[in-house]
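Before any questions on how it binds or moves, here is one chain, the form predicted on its own, in structure tokens.
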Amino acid sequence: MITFDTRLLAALTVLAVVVMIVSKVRISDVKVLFWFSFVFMILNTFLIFVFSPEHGVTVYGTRHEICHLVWKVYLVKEQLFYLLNIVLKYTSTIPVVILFVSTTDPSEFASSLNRIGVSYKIAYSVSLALRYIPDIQREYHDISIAQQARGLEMASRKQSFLKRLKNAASMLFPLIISSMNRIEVIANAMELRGFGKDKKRTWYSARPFRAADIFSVVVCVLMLAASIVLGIINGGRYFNPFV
């Protein structure tokens, strides 16, 4: 996240794809997250070009025109290269984030955070947040099925996009209500069990470090070191091929 070096981002993108393949996570299980991330990436890239069509010129300090588009807007190499870095930024991080959410046990992650010095209250909050994501997905699916059983069409192509969007928005209110009820139940259960009374706590799901864990930490440290070294060599966050 601290570098815009194209070479490192490209290598991390390849690594992210390899890790996804090795993990054997089924794409069908996370396709919604992938599609949402892909649409957001395209939208973000497009809006950057629309509102700042020559931001790359400011970043790299040179200007090489390719063609004239409309009015005072030109297509320049620096802007295209900057947008390429934005895309690589997404493709190198999104698969890893999705993989982390899909394969990490929240309780084990919370215990690990606590072992490295993070307060167990904060660690448990992170655990609850990670558990909440699949719960929201299941709740949304259940509400969608219930609404369709009552005759509210959600995916029919015969209806306009705005109509389907309105029907989808009608599920937000019951989803918010059910979420608030779940939060109250969890808060009451934690209070009844005396959560936060002591300064330390034990963990049921704690695991000892293994060789694979040490290897992963070393790889992460090397990637961080590479980002810092490339920043020093490049004289900043960006790799500039135009100089």
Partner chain sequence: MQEREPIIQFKDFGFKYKSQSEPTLYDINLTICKGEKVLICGPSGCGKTTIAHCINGLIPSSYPGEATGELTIAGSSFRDLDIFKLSKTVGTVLQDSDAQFIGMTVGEDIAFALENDRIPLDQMRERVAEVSMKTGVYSFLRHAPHQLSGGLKQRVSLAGVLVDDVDVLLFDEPLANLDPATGKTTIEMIDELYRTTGKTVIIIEHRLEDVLHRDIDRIVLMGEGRIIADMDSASLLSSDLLKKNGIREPLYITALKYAGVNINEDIRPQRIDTLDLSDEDIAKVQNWYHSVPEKPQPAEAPVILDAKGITFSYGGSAIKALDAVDLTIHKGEMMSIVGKNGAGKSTLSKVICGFERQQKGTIFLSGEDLASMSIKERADHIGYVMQNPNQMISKPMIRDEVALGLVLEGKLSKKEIDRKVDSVLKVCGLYPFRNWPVSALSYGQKKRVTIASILSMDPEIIILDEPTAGQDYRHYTDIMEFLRSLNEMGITIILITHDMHLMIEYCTRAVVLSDSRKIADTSCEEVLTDSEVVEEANLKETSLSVLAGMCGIFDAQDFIRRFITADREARK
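Owing to the predicted nature of the structure, the values given are computational and were not obtained by experimental measurement. Each form is matched to the other, and the largest set of C-alpha atoms that superpose within 1.5 Å is called the rigid core. Residue numbers count along the first chain shown, from 1.
The protein also exists as the form predicted in complex with its partner chain; that form is not presented, and the subsequent description refers to it.
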| query | finding |
| --- | --- |
| Non-hydrogen atom contact Q148 with its partner chain in the predicted complex at 4.5 angstroms | yes |
| L80: touches its partner chain in the predicted complex, heavy atom cutoff 4.5 angstroms | no |
| Residue contact check: L69 to its partner chain in the predicted complex, 4.5 Å heavy atom | no |
| Distance check, R115 to its partner chain in the predicted complex, heavy atom within 4.5 Å | no |
| Interface residues of 200 to 218 toward its partner chain, as seen in the predicted complex [heavy atoms, 4.5 Å] | K200, R201, T202, W203, Y204, S205, A206, R207 |
| Yes/no, S107 Cα shift of 2 Å or more between this form and the one not shown with rigid core fixed | no |
| Per-residue C-alpha change between this form and the one not shown, N44, threshold 2 Å, rigid core fit | no |
| Large Cα shift (2 Å or above) at S179 between this form and the one not shown, core-fitted | yes |
